[in-house]
Ligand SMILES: Cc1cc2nc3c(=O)[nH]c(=O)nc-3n(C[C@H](O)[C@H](O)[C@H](O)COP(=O)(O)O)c2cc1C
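Presented as structure tokens, the chain that follows is alone, the form predicted on its own.
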């Protein structure tokens, strides 16, 4: 019988399991998420923390599949999740070189929240990265003002069976804990 400490650790692992099961999806079925599902995903992003609580992002929910495909074509290979997505959320950020680091931090936090929310709703999501040379196309398609840009678009949909299949064998998806988690300081040797 496990001791109390093992039982407690097992209980904690069960609580965070949804976070550990969240992953990227890049292939979606033709069945779009509902309006309510998209609203829930965007609300999760909207409630993300941001540097100094500036909330710099604005979220553009894209349901126009033709526009999603045009964005996918403009940004390949970093936008492949948009090739089959039936919905997406663009994270529009201020153009502010002096705040580049904090804006990248805020962008990533919001994107990760959307991945987690989609997973909790039984959907899938994948991050599409908009390269600088594709940003003008995206800005035009989304009618962005000159002081805004999009670096990240989150593709959202219902994953295909192939996308749901494990990509790595059991126990091989992550490096062993001993190789990435250290106590107090970097290990000697």
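Residue numbers count along the first chain shown, from 1. What you see is a predicted model, and the numbers here were worked out from it, not measured in a lab.
From this point on, the text means the form predicted in complex with the ligand, which you will not see here.
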### Task
Examine residue 141 and determine whether its closest non-hydrogen atom to the ligand in the model of the complex is within 4.5 angstroms.
no
#### Entry: Proximity of residue 41 to the ligand in the model of the complex, heavy atoms at 4.5 Å
no
### Proximity of residue 154 to the ligand in the model of the complex, heavy atoms at 4.5 Å
no
### Task
Flag residue 78 as yes or no: does it have a non-hydrogen atom within 4.5 angstroms of any non-hydrogen atom of the ligand in the model of the complex?
yes
### Query
Between the options 148, 26, 58, 69, which residue brings a heavy atom to within 4.5 Å of the ligand in the model of the complex?
26
### Message
Given the stretches 33-41, 46-54, 122-130, 59-67, which is the single one in contact with the ligand in the model of the complex, using a heavy atom cutoff of 4.5 Å?
### Response
122-130
### Task
Would you mind checking 142-181 for residues with a heavy atom within 4.5 Å of the ligand in the model of the complex?
167, 174
